[in-house]
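Shown next as structure tokens: one chain only, the form predicted on its own.
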Amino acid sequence: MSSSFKSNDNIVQSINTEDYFPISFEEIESAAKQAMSAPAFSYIASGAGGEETVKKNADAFKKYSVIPRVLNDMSNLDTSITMFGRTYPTPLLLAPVGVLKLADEQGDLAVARAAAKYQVPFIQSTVSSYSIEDVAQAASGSSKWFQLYWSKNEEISFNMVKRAEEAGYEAIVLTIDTITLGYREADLRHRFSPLAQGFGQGNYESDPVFLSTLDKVDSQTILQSIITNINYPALNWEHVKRLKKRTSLPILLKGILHPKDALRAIEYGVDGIIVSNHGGRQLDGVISSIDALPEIVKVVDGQVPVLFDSGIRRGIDALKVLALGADSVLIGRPFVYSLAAGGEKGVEQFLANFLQDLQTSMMLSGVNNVKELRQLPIVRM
């Protein structure tokens, strides 16, 4: 595959026309709901509190409108971007989502393989169902990043980062908005915790540093130790400084919404920022990610890449945040629903459709590449 998609034909030809797969986000979500148990689907779909932020993330996109340019030669469309010295054929990444085995038995392995087909980096979660090494082997040679939940015993964190680096992962994403689990009413209602059922232990049960801290190695002890480690309210900027000393990989902070935090991240040597409210799953009642994005882009002023997460559903959504200045876009729930509805092939089909949507939206907006896209007029109504 070339370093960029040059026409819609490249995507259209990859679409499976033999078996129908849901096209729209709403259809995929409905198919996932039918495929999953009620508690499992609710875990993925729901947010914190009264889910004000979940709704706000989606609704906020409707307030932004692009002003397309016309009569530009669009025969050489280029969706590629460059970050951290690497060129990626699209501006998309698959966001870190834990416990993917909840959606499909192959979980992270299936997603990594599907993402590799379209050269979309897959960000593997700390609480993934399969280990760093398993995922690396399943999609050998593909672009993968590792998302880190800080452990109370920081040597566990450092060792997981070391494992990711040795396995060929290209960046570390430290999630900073999960110092404690959000108040999720839906999970409490269902009395459901996928972590407690063993869906997110892949990296821990294969980590020698973590295992060395246990009095005995059994499922209950492993589970309790995971919970003890990742529930860590003491996380602060000094931990970021120490992490910088322990890896040569780029470090991105995921969960920034305030411009002052973005600037402070740069002061601490962070290589990238991910504007995110965790898809509305942590703190309810916060600003939507897209509303937080413009001011952060402004203050960062190109010093480090600014990535975007939370609320992406369609290609036009990705176009809007790129037009607002984001360097790359993370997709979350849509690929998880696609995994539940159709396994690995479902994720492949979703990516094919999403990329076609993005390409079409770029062409009809009159922009040939992401650089031009950042100059496209966009207004908030």
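The first residue of the shown sequence is 1; numbering continues from there. Worth saying up front: this structure is predicted, and the values here are computed from it rather than measured.
One more form of this protein exists, namely the form predicted together with a small molecule; it is left out here, but the text below deals with it.
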query: Contacting member of A340, I44, L355, L319, with respect to the small molecule in the predicted complex [4.5 Å, heavy atom]; finding: I44
query: Partner-contacting position among V135, A115, A265, V97 - heavy atom within 4.5 Å of the small molecule in the predicted complex; finding: V97
query: The small molecule in the predicted complex: contacting segment from 271-279, 77-85, 221-229, 198-206, heavy atom within 4.5 Å; finding: 271-279
query: Interface membership of R313, the small molecule in the predicted complex, 4.5 Å heavy atom rule; finding: yes
query: The small molecule contact in the predicted complex: F122, any heavy atom under 4.5 Å; finding: no
query: Proximity of D309 to the small molecule in the predicted complex, heavy atoms at 4.5 Å; finding: yes
query: The small molecule contact in the predicted complex: K33, any heavy atom under 4.5 Å; finding: no
